[in-house]
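This document starts with one chain, in the form predicted alone, laid out as structure tokens.
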């Protein structure tokens, strides 16, 4: 008998059909991957399973019994737990308080048993992330530590079915490995796990089989244990196309014969030390290295978002750039696509039109805003980038992550940027959206835009870049070019393990 079965689940939000035929069947002791493009209905489906949303039609069965959940508490009482894509933590509370909140052990008199709460938190943290201090406030933790606390919160519950929605998006590889070891233990103990992720390599590593959603419906299943790790078949199911959804081809600036467009000389700022490099017109150059080695600080400094550099110079077309404010960079054609689109790149409660307009009129300070012109530009960008929405008046918070990311990039296009700084632009987007995003990046490069790309996924750097700077402890320690740009070389250089001489 299936532990969990969902049949013909339907859900609409206004005129938008989020789910038209959501189906899944899970047996005891299985890890099931749930994949699909952004907006295909995965998160909506998981929220229905957890009682956070009511479905319009369909049925859910637990151990063969039809159930109806009106709240997450109902789902928890039937043995379901979930790791949410958007963290459900309270920043001003401690780690141990967050892990226990809503599920606190109580004394015989009904009071919260703080000793038992701490013991429970200690036990799950020792298995998952012993380096995290349970007495610290969540606001003091790094993004990866916060993600681990979110996972620990779910693991601390008494569950038979565990749903993980993008649990590894903020984790480093060693943390992912530790999580997977723990999930395998949980599986052996008889729990059923639904693993939602855009990281295909991780899915085929940890899952027994994969269910693919497209346009709100289950379009196929791949048995990884029986049929092998057929990534091309999975991608074809996700995209609806037979060809493999590869990201952008490498685009060498040498093909355009571009001269130097952007030069950084001996830049020092905070943890950044003696950063020097040059980008040619139409060149895509990557920034690699382990997370936290200064890559994001470099992009933020070049975009004028951090304090002026302590030393060094930045030049655009041989003209010195004074970076006291982001507007200084934008006026000279240097724009940033930040790493966190929801906090740093968009106004989620406003329309596509307003988000695209803001980059224009905020700089010009126009007394009379040409709304018709801006609307026409926004509509053209929507068509050019294949942004899926009813129109430019659609609010950003109703779009999928991939379409939101297109808006973050698209808002700069009317300014014809000279230099585009990309901070992990494909993080948290699906395979098809990633492909389309990097195709756009390649088109911009062909039009002469110089692009500096930081990506936490080495595969993206290998596919998109002819050159990659590897950073370590705030410095560029190596430059890889041409055939040197491989995942093996990037990892080795990131760990300072390369034996070949640096090209710097």
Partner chain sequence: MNFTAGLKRISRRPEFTSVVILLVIIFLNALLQKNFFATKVILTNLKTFTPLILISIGQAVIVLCGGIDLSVGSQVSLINVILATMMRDSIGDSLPVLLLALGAAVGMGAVNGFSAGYLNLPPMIATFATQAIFFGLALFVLPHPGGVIPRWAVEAFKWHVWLISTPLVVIVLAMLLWEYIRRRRLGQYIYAVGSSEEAAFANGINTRWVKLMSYMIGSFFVMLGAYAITLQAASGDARLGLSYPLTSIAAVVVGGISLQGGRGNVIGAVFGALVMNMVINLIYFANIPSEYQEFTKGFIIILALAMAVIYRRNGARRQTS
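Positions refer to the first chain, counted from 1. Rigid core here is just the name for the largest C-alpha set that superposes within 1.5 Å across the two forms. A quick note: this is a predicted structure, and the numbers were derived from the prediction, not measured.
The form predicted in complex with its partner chain is left out here; the points below concern that form.
Considering only heavy atoms, tell me if residue 102 and its partner chain come within 4.5 Å of each other in the model of the complex.
Close contact exists here: in the model of the complex, residue 102 approaches its partner chain to within 4.5 Å, heavy atoms only.
Tell me, yes or no, whether residue 73 is in contact with its partner chain in the model of the complex, where a contact means a heavy atom of each within 4.5 Å.
Taking the distances in the model of the complex, the answer for residue 73 is yes, it comes within 4.5 Å of its partner chain.
Is residue 185 close enough to touch its partner chain in the model of the complex, meaning at least one heavy atom pair within 4.5 Å?
No, residue 185 sits far enough from its partner chain in the model of the complex that none of its heavy atoms falls within 4.5 Å.
Residue 88 versus its partner chain, in the model of the complex: is there a non-hydrogen atom within 4.5 Å?
So residue 88 counts as contacting its partner chain.
Just to be sure I understand the contacts: of 219, 278, 384, 112, which is the one whose heavy atoms reach within 4.5 angstroms of its partner chain in the model of the complex?
Filtering the options by heavy-atom distance leaves 112.
If the cut-off is 4.5 angstroms on heavy atoms, which of these, 418, 233, 388, 84, is the one near its partner chain in the model of the complex?
Partner contact (heavy atom, 4.5 Å) among the options: 84.
Sort through 168-176, 392-400, 375-383, 76-84 and report the only stretch with a non-hydrogen atom within 4.5 Å of its partner chain in the model of the complex.
Checking each option against the 4.5 Å cut-off leaves 76-84.
Counting only non-hydrogen atoms and a 4.5 Å threshold, tell me whether 52, 92 and 153 all contact its partner chain in the model of the complex.
Each of the three qualifies.
For residue 270, is the CA shift between the shown form and the other one at least 2 Å following rigid-core superposition?
Indeed, residue 270 is displaced by 2 Å or more.
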